[in-house]
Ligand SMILES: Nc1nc2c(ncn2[C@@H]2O[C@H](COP(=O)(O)OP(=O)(O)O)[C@@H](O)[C@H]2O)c(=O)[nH]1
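Just one chain follows, in the form predicted alone, and it is written as structure tokens.
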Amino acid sequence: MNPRPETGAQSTPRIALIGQPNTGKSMLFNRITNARASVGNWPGITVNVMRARVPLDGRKVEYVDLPGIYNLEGGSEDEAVVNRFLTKFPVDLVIIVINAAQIERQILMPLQVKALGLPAVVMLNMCDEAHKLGITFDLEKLQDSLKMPVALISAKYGTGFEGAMKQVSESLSSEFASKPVLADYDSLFKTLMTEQTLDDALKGCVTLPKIWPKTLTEKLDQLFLHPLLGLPMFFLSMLVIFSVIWEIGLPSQDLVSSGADWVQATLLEPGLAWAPAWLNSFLINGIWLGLSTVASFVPLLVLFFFCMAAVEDSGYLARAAFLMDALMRRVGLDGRAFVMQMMGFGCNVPA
């Protein structure tokens, strides 16, 4: 798909979504577009970006999901992509997606977008997580401070989504959004952003808890990363995993071997009785036994790597690597090498 021309009148309003990585920006983009996006091959842009045209209040609107970035003035490749896009392709509106639970660390981006001279709407995503942490917002004061609409949403659960999209529609229809604009990076570079600037933007708008509640992950970390209990618990966890594999995997391996023996005795040997001895031996003792032997290990390996993948995805292996780091460094390795040694119980290749 080719984008619209860089200059001239635009028949379809263009909205760009920007935000830091892991703020739920792409999840919001998918919710807006109902996953009807396609890859846009934009001239002068070194990576592909997602785009989709979907109706908003009776008119087609083009949404563009730009790469996640930390700073509009940064020099990374993703930040350069966003820079080139905003300076080459006029936009009618920018949706700035912020993790509401980390607003004090992400408020810089709305201020930078304002300095670029781009019309914008701020969406404070993950409002459910912010509420769990005891963070509260005065949206009216925040809107006055940022001089742009602000919506509190959860892209994951859809909370506040309809109201947020109404703000988007109103922003597109406002007198200040009569024509698309390009980003003015010269103005951004001339604007001094300090810690005081960020604090002033949030002053009286956001209330943070004096004592942050501990999440379940933090509570578990206190147990699993305990200097005395951490390693015994890790070895106990591995013992449980290997016990499950032993009790389930080995019987499954025997079952597959028994099935292969039955196939050989009942089907293959009678069916190949006509063949010369060399061909019979090649097909049964060579090909079939080779395949059946490999197949007998499949249940054991699948169960082992499934268990290890579950432990890894939970983040526990990373914590185990941290616990083992001091010991493994004595032999010239880091803690992650121990995890590979553990996986060697299932297959010698990673070990």
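Just count from 1 along the sequence shown to find any residue number. All figures in this text were calculated on a predicted structure; none of them were measured in a lab.
The next section is about a form of this same protein that is not shown, the form predicted together with the named molecule.
With the named molecule omitted here, the record of contacts in the model of the complex names 24 to 32 of 51 to 59, 296 to 304, 283 to 291, 24 to 32, defined by a heavy atom within 4.5 Å.
Among residues of the shown chain, Asp78 is not one whose heavy atoms approach the named molecule to within 4.5 Å in the model of the complex. Contact annotation for Lys156: at least one heavy atom lies within 4.5 Å of the named molecule in the model of the complex. A residue is said to contact a partner when one of its heavy atoms sits within 4.5 Å of a partner heavy atom; Asp92 fails this definition for the named molecule in the model of the complex, lying far away. When contacts are judged by a 4.5 Å heavy atom cut-off, Asp128 counts as touching the named molecule in the model of the complex.
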